[in-house]
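Read the single chain below, which is given as structure tokens and is the form predicted alone.
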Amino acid sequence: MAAQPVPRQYAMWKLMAWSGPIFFIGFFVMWGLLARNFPPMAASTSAEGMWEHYKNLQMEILIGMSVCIVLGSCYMTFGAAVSRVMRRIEDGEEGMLSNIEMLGSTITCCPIIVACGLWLTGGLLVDSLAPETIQMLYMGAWMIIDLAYMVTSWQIIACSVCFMRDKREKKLVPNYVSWWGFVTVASFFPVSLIPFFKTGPFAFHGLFNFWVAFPTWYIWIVLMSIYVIKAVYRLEAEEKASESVSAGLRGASATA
């Protein structure tokens, strides 16, 4: 007896796809607004100034960073949904690009979670730590979350190449989103200079890092979330339609 194919769990696909909006909305509120990282404290701030910042915003930082450590995992689950959709374009489980995307989204979680953990530690222990230690935690977190950008870049490149190869008349993800992915990757490269500047456009709070690279990546996540959610619903509808046609053909053959 031939083995029956396992039906795809589209409900799980949808749940994972919706974790994208949970990630970007949650981070905007908890990391950006509540913990006052929008905009961030300047790299040129004195150690005493950073200590005062953590002291005055201790509870906001504790709540915001605690939630963000949990939400960081949503970037991985969102990446899993994107990878599933990409496999339908690559037509198989062994697609290189979908694997790179899955690995990229998973590893991207690490610097996000570690950086939030360092900011959380600064807030938690501010009363017992010297200003220089608070400065080390704050600056170190920015170096980790920013300079790991190449992992995320490979994830975005894999997505862009794969979705541009989609042969459908109406692509699952339109080309402009893929081109925006390449723009996002290009915007990351000036971030390599942040260890060498505490003021100006190349500092981590400056023009290229915070006001160009971060929003560009953020917009990519929003666009990708929208189209991947649509793609999952569309793939499910296409599969149901195909199954209905097949069932109709089998019924016609049986009565012939």
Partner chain sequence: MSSVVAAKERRIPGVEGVWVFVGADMFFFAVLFMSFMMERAKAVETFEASRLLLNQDIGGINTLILLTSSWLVVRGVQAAKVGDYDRVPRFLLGGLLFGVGFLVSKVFEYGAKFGAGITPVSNDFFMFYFALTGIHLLHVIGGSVVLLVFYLRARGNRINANNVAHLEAGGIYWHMVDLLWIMLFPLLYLLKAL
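This structure is a prediction, so every number in the text was calculated from the model and none was measured. Positions refer to the first chain, counted from 1.
The following text describes the form predicted in complex with its partner chain, which does not appear among the structures shown.
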Open item on the list: Is Y138 part of the interface with its partner chain in the model of the complex - any heavy atom within 4.5 Å?
Closed with: no
- [ ] Mark T45 yes when one of its heavy atoms lies within 4.5 Å of a heavy atom of its partner chain in the model of the complex, and no otherwise.
- [x] no
TODO: Using the partner position in the model of the complex, report whether M150 sits within 4.5 Å of its partner chain, counting heavy atoms only.
DONE: no
Open item on the list: With a cut-off of 4.5 Å between heavy atoms, is V183 one of the residues that contacts its partner chain in the model of the complex?
Closed with: yes
- [ ] Would you check whether its partner chain, in the model of the complex, lies within 4.5 angstroms of a non-hydrogen atom from each of W179, F208 and T216?
- [x] yes
Task: Which of 66-74, 35-43, 22-30, 194-202 sits within 4.5 Å of its partner chain in the model of the complex, heavy atom basis - done: 194-202
